[in-house]
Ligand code: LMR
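Coming up is one lone chain in C-alpha cells, specifically the form predicted on its own.
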C-alpha cells in the first residue's frame, strides 16, 4: 500500500483522569483505591442503580411502543422538568416561555452545544473559566473554536475562594465575553460562593455586558436540590440572559445513559424561539437527535409521585453518605497522627475536594500503595468507603510524614 495518510498521526497524550482510571484497572493490588473519576459509589464501592430508576425502567419496558427518533430538541415534557427543576416551577422565565431547552447526551454535550452556539453567534468572544476548573472544560470550548482564558477562583493556602480577586477580574472582562461559573459543588475544589458572594457576582453581570454560562452538574449533592439552584435563580431573578448546562448523571445515577440539557434564558418568548431554532441547527449538525432512554426515565420518575418521593430520598442518602465520608476522612487522618489540619474538607461541598496533597505525595501513593489521585490533589470523596478508609488514611499519613 503506497498511500498512508495516517502514518504521521502521533498518539494523543493520556487524559489526566481517564488515563489514571485505566492504570487503576490494570493494577493487581487487591487494596487499590481509585479516587480520580467523577462517579458516585455506595458503601460497597459500587455505582448503584437507584431504586427509583429501576422501577421507572420496569414501567417503561411495559409502556414503550416505538424506537423512533426523538425530535431534535427532545421531548417537551423533559424540557419542562429540566426548567422547573433548575428555575422552579413558578419562575417568570418558565411561565413566560423565555427559556429554550434542548435534551443533550449528558452535561458535556450540553457544554459543547452551548459552545458551538456561542461560537456561531459571537465568534470573537472569549470564554473565561475558573482557575482551576474541570479539566475537560478547556478542551470542550477550544474544540468549538472559542478562545479560552481564566479568572482567579481558589486560594490553596487558605483553602477558600479568592473573592476579591475574582470580583476584580469579572469587572475587567471585556464586553461581549462569556464567563463560565460552577453553580454548586465546584469541580475540582468543592468550594462555592455563599449567597452574599453570589449576590455580588450577579450585581457585576447586571452592570456589565458579559454573558454568564452556568455549569450545573451536581444539583442535590451540595446542600439540597432547591438550595443548590440558588445561583441559577439569582441570575434569572435579576432579569439576566444566561446559558445553563445541566445533567442528571449524578443525581439520577444515569452516567452511561448520558442525560443532560442546555437551557438558554432570553429576554422574551420571541428571542427564545429564535435561540431554539439555532440550538436545533447546532444539534442537527452534531448528533442530530438525543438518546431517549435516560430522559424517559427522568420523565417517569417526575411524573409518578411515589417514584419522585423515593428519588428525593435517594438523593438525600447519597448526599449524606458523601458528608459522612468527609467527616470520617478528616477524623481518620487525625487518628493516624497526621498533624496537618484537613478540617477544611468539611466546608467543601459535593463529591470533590482539593485535598492539598502535592504531586510528589500523589505519585508516592500511586506507586507504593496503589491509591490513585489526580495529580493536582483532587479526590472523589464519594469513592471512599468504611472498608477502605483506614488503609487510605494510613497510607496518606505515611507519605506525608516522610
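None of these values were measured; they are calculated from a predicted model. Residue numbers count along the first chain shown, from 1.
What comes next is about the form predicted together with the ligand, which is not displayed.
Visitor: Check each of 98, 250, 186, 112 and return the one that places a heavy atom within 4.5 angstroms of the ligand in the predicted bound form.
Guide: When the ligand is considered in the predicted bound form, the option within 4.5 Å is 250.
Visitor: Using a 4.5 Å heavy atom cut-off, which residue among 78, 235, 134, 141 comes into contact with the ligand in the predicted bound form?
Guide: That would be 134.
Visitor: Spell out, yes or no, whether the shortest heavy atom distance between residue 348 and the ligand in the predicted bound form is within 4.5 Å.
Guide: Outside the cut-off, so no.
Visitor: Verify the contact flag for residue 372: yes if a non-hydrogen atom of it lies within 4.5 Å of a non-hydrogen atom of the ligand in the predicted bound form, no if not.
Guide: Taking the distances in the predicted bound form, the answer for residue 372 is no, it never comes within 4.5 Å of the ligand.
Visitor: So in the predicted bound form, does residue 376 come within 4.5 Å of the ligand, heavy atom to heavy atom?
Guide: Judged by the heavy-atom cut-off of 4.5 Å, residue 376 is well away from the ligand in the predicted bound form.
Visitor: For residue 393, is any heavy atom within 4.5 Å of the ligand in the predicted bound form, or not?
Guide: Flag for residue 393 set to no.
Visitor: Can you pick the stretch from 332 to 340, 353 to 361, 33 to 41, 66 to 74 whose heavy atoms fall within 4.5 Å of the ligand in the predicted bound form?
Guide: Within 4.5 Å of the partner lies stretch 33 to 41.
Visitor: Going through 205 to 235 from first to last, which residues have a non-hydrogen atom within 4.5 Å of the ligand in the predicted bound form?
Guide: Residue within 4.5 Å: 218, and no other.
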